[in-house]
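Shown next as structure tokens: one chain only, the form predicted on its own.
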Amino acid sequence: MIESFMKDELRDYLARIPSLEYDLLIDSWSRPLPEGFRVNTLKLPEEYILERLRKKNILFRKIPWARYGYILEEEFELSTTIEHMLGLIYLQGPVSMASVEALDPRPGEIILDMCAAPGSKSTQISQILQGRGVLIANDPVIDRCKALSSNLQRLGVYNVVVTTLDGRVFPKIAREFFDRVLVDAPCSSLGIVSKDWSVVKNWSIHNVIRLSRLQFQLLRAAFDCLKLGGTLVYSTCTLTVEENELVVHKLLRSRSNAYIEEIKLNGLRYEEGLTEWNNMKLSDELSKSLRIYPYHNNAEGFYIVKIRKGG
């Protein structure tokens, strides 16, 4: 059914990605994504919140790669529960949580979430900071920041500053200032087609190239904002090489002190990042990045890479 929405351009593109299994991808796109959620320990102890959910006969299981993360085992409208309204839980995709786990925030650090709205990863970072340190949650679209601010408030986050800057300007005001930076970049969204089939209908390589230019500018700005020895994570919820490996490859070529680090997340299935595309040799370091297809974990598709700023 979903293939009837697809352009030949996209079908041909996907067929050229060497690590992708096309039939499995189409099958995963045709099924709804599982509901994931995080327990918010900023408000109450984890086990107390989980017990409240069990008393409602809500069935769930632990996500092995995400502290405080769970997946529903049976359909249930979590958004209608008092626990959701009070900010005791936050609805979030299981693989979406992996980006912050790869970032590995530490209490006391100064952290930038460059593309923060609607706040899934900002609230996750804040929870791990445990109220110690500072998070700058930025998004250039003011209307999106309304949702961001609302979610931060609902979850009881207080060590956060919301900004509405173009992420590309941060080096002018905060060069080598942050311990860690997350760039969960705007993208063509091929990893979450299950949520919106119009993604494949509207896909074009022209749009991918346009997005890749912005993504590289955001990634380069994020790197320049890092302290020496600092860490950034670049992630997208798409599958195209131009928005993922090629963006990172350009950063490695433009910043000689950028080094890719391995990501180890328990139980998360993935393919290694590509080191060659269209007969172009890319950095071997890109094999340390994670190319996560929707069928790997019965969840969203993502690309995640962790980069350290050397001295």
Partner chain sequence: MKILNDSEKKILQELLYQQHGVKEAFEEFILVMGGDSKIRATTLETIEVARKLRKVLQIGVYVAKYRRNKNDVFLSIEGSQLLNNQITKNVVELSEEECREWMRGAPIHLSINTDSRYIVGKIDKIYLGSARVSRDGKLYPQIAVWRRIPEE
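For clarity, every value in this text was computed on a predicted model and none was experimentally measured. Positions refer to the first chain, counted from 1.
The next section is about a form of this same protein that is not shown, the form predicted in complex with its partner chain.
J.: Check each of 217, 202, 164, 130 and return the one that places a heavy atom within 4.5 angstroms of its partner chain in the model of the complex.
T.: Of the listed residues, the single hit is 164.
J.: Of 233, 226, 160, 98, which residue is found within 4.5 angstroms of its partner chain in the model of the complex when only non-hydrogen atoms are counted?
T.: Only one option qualifies, and that one is 160.
J.: Even though its partner chain is not shown here, does residue 48 get within 4.5 Å of it in the model of the complex, heavy atoms only?
T.: It does: once its partner chain is placed as it appears in the model of the complex, residue 48 has a heavy atom within 4.5 Å of it.
J.: Heavy atoms within 4.5 Å of its partner chain in the model of the complex: does residue 43 have any?
T.: Contact check for residue 43: yes, within 4.5 Å of its partner chain in the model of the complex.
J.: Residue-level question: is residue 255 within 4.5 Å of its partner chain in the model of the complex, judged on heavy atoms?
T.: No, residue 255 sits far enough from its partner chain in the model of the complex that none of its heavy atoms falls within 4.5 Å.
J.: Since only the chain is shown here, I'm wondering whether residue 86 would be in contact with its partner chain in the model of the complex (any heavy atom pair within 4.5 Å).
T.: Yes - in the model of the complex, heavy atoms of residue 86 and its partner chain come within 4.5 Å of each other.
J.: Is every one of 150, 153 and 156 in contact with its partner chain in the model of the complex, taking contact as a heavy atom within 4.5 Å?
T.: The answer is yes; 150, 153 and 156 each reach its partner chain.
J.: With the partner removed from view, which of 235 to 243, 188 to 196, 122 to 130, 172 to 180 is the stretch that lies within 4.5 Å of its partner chain in the model of the complex, judged by heavy atom distances?
T.: That would be 172 to 180.
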